[in-house]
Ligand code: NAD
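Shown here is one chain on its own, the form predicted on its own, set out as structure tokens.
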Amino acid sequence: MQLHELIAKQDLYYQSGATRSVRFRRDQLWRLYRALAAHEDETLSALRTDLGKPAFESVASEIIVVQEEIRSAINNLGRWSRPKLALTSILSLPGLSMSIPEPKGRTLIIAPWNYPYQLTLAPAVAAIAAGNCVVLKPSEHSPAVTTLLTKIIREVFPEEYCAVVTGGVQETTELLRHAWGHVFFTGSTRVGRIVMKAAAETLSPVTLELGGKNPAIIDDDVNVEDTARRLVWGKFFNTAQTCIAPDYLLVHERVKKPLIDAMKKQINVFYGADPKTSPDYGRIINEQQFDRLVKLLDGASIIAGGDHDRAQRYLAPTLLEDVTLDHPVMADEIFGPILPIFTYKQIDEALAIAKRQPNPLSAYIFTRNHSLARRIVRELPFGGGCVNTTLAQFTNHHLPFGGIGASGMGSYHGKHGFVTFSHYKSLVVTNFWMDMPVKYPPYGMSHTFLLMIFRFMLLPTKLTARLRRSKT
């Protein structure tokens, strides 16, 4: 089917009102849940094929995340979709004010390859929960998962409701030529700019989930062993092909050596003396990404790892030190198992380095000093993060997940995804038995007097009290 025919069919289906009832949305989410559960073994196999991902990581970071999104939507959909009462302006009294969540219409979800299952389906769950029609565009770089998702979606939904469009840049470009109720993109900052520019031509609202150079700042009072364990896990999970992974470390000079020693030890504990043979360590997605990562090692001081095998798309967990800030490894998000380590003496030095980069998607702070943690959180702009752990902000669907500036705009997860894919229609309801004549012309002195009183009532409470005290 041609794309314009699919879009026309989805428009007709949405306009029929079929997607709007809460019962319909719940039914569709249950159907999706059961279908995904039935294909779980195939999902594990597809993720292993595309990314070499171990089953534990696939279940923990892909399958369970989507299941939790579906459960949350089903359990809370009735409450989320109710009109929300609001206070009514004095000029509209007597009246009732409310905002009514309604679907945005036909939505487009463009997904990446690094978590190809959950970064395709989790936004789709939010779009379905909000009552929209959906077109999914999975990544061409994770073909096994894309093939499986296409099969599942076609089994569960009619294409006029939810459809998959496969292909590469050409197909994505064609999709973006059309107007959408909402475009949800997850990927690189570079491509995010292209998506936003294309969406601007049709005035389609956009959510961008991008990336960035995520710092991890380590104070000198930390538990070194625990810090090393959590950093190594957060960095090399999914072979470090994670948009919220620590991208570089800023380590207090007093703990640099013991932390590096502990991290080397932890890499060995996790993946063995030869991570290439470990069933728990994945692979780089393709040769293009592999070549890009290996090139970043040129001229760098490698203190752990560094070995690689292009035929297997294998790159060992790698630590670097004595890297300059103008080295290519610091130019863009690494998005691979390479971790540069910098040192600092004073926290101002660390913050200065972190602030040189565009606002990151995540930041991680390791310290026992609560005031220091608060200062870093206050002074360093970032999408979300953790204190004394890594990645945990993503797994809590009660928290909004999203970036700021170059790392993205908008958020989702749980109710926040429902809000993203909904338009909140404002409504004021009045009656005929009473009216406020003061708002109608002709305007006289009484109108002006009442308007001055009204303006005084609008002053902030503390300011009003201060004005009263000054008069007395």
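Position 1 is the first residue in the sequence shown; the rest follow in order. This structure is a prediction, so every number in the text was calculated from the model and none was measured.
There is another form of this protein, the form predicted together with the ligand, and it is not shown here; the text below is about that form.
The shortest heavy atom separation between Thr173 and the ligand in the predicted bound form is within 4.5 Å. In the predicted bound form, at least one heavy atom of Phe401 sits within 4.5 Å of a heavy atom of the ligand. Contact check for Glu333: a non-hydrogen atom falls within 4.5 Å of the ligand in the predicted bound form. For Glu140, a non-hydrogen atom is located within 4.5 Å of the ligand in the predicted bound form, even though that partner is not displayed. Residues with any non-hydrogen atom within 4.5 angstroms of the ligand in the predicted bound form fall in just one of 126 to 134, 381 to 389, 262 to 270, 189 to 197: 189 to 197. In terms of contact with the ligand in the predicted bound form, the residue from Thr239, Asn114, Thr318, Thr227 that brings a heavy atom within 4.5 Å is Asn114. Between the options Leu119, Ala363, Leu231, Ile153, the residue in contact with the ligand in the predicted bound form by a heavy atom within 4.5 angstroms is Leu119. No residue of the trio Leu29, Tyr33 and Glu62 has any heavy atom within 4.5 Å of the ligand in the predicted bound form. Contacts of stretch 154 to 173 with the ligand in the predicted bound form, defined by any heavy atom lying within 4.5 Å, are made by Gly167, Gly168, Val169, Thr172, Thr173, listed in sequence order.
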